[in-house]
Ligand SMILES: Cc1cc2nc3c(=O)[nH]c(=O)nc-3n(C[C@H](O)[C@H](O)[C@H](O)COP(=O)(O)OP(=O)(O)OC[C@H]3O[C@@H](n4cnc5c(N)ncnc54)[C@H](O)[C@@H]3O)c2cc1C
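Shown below, as structure tokens, is a lone chain in the form predicted alone; questions about how it binds or moves come after it.
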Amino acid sequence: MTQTAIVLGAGVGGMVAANELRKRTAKTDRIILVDRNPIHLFAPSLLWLAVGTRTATEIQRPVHALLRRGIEFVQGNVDSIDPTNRTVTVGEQRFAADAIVIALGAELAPEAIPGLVEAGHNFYTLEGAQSLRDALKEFTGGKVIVLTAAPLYKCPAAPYEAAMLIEDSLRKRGIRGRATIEMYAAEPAPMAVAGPAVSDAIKAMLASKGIAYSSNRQVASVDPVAHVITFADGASAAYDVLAYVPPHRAPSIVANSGLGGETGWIPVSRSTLETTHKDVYAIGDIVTIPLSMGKPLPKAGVFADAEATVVARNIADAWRSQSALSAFDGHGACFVESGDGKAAMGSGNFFAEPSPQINLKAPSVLWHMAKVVFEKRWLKWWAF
């Protein structure tokens, strides 16, 4: 009997899920991947693009070029999800599936803060990373501010990496002495879910590069003409170049499908990633997985990758009438680019009790090169 799985979203989680399903299922089974964008962007490399060490062409590939043979790619917007009947509508097409994997990610909402869109550069997008690159090229002195506009965002290390890579870039251009770099964070500490030792290490890395850091800064508005950020407590900060991480929100389709929980994100089993509906799974940035210490599992590509693998294996096993034994264990790792051709490496168990057990290894050339190799493998060899 032919089975059908439909994967929604061609980001990290969706790409892994579709390819793993194709590898593990019968040739007669249908694996369908849906995304509105025919181009896959390797988002971790946006930071390198922003400081001029990558081009847009180098960090993008056509989606079909990264898919195993036999995966059907459908380009279009996902208009509706019916989790009860396991159907999905994409434009005028309606798909019925035996399993649905939702990997639609998080939406970026810079417009939620007055003036933010016009004031700075959202380096979580290709366009924003490119505009930041151009602004930094023209920058000859003054103040650069890196800002996290809300405390919940994907890739928790990215804004701290951005600040350090910008510092490195200005130093290499010989203008660091004419520049002030400040970081204002909406969250209480860098990568706080990883624990105080990791937060302290990141703050020490920033301090060693002369980057001022201020936490718990909730942004109220930004004046793009006066170049001034106003915070909720009435304090303000002037800037010449503003690089920001925007607020995130769950895609509206989550609420429309009835899958969203109290926070708006999709609650799932933390071991199987199954939603409250049988054979409907959600992975990556669109989900919320509470940890014992009271905070959610960070939104990061490494977790989307691992979750996708677990889901694909369990779907394939179920279709073969085998016991589904794979479980997501909460382990993860990430690179933290620090400039000077170096990166730190954080890794550990986020499901550990009573709190995540994470170790951050000091910056080295080795970890930077490991990230470069990972980038190359993802964009060239990974899917084959």
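We number the residues from 1 along the sequence you see. As the structure is a computational prediction, the values presented were derived from the model and not from experiment.
Note that the form predicted in complex with the ligand isn't included here; everything after this is about it.
| task | Determine which one of 258-266, 92-100, 188-196, 123-131 lies within 4.5 Å of the ligand in the predicted complex, judging by heavy atom distances; exactly one does. | result | Flagged stretch: 123-131.
| said: Check G346 for me: does it contact the ligand in the predicted complex (non-hydrogen atoms, 4.5 angstroms)? | reply: No, G346 is distant from the partner.
| request: Report yes if any heavy atom of P44 sits within 4.5 Å of a heavy atom of the ligand in the predicted complex; otherwise report no. | output: Flag for P44 set to yes.
| message | Using a 4.5 angstroms cut-off on non-hydrogen atoms, would R171 count as touching the ligand in the predicted complex? | response | Answer no; every heavy atom of R171 is more than 4.5 Å from the ligand in the predicted complex.
| query | Does any heavy atom of A312 come within 4.5 Å of a heavy atom of the ligand in the predicted complex? | reply | Contact check for A312: no, nothing within 4.5 Å of the ligand in the predicted complex.
| field | Of V222, L147, A300, V144, the one that lies within 4.5 Å of the ligand in the predicted complex (heavy atoms) | value | Of V222, L147, A300, V144, the residue with a heavy atom within 4.5 Å of the ligand in the predicted complex is A300.
| field | Heavy atom within 4.5 Å of the ligand in the predicted complex - the one residue of L273, A163, M205, L104 that qualifies | value | Answer to the contact question: L104.
| field | Residues within stretch 142-156 having a non-hydrogen atom within 4.5 Å of the ligand in the predicted complex | value | If the 4.5 Å heavy-atom criterion is applied to the ligand in the predicted complex, 142-156 yields K154, C155.
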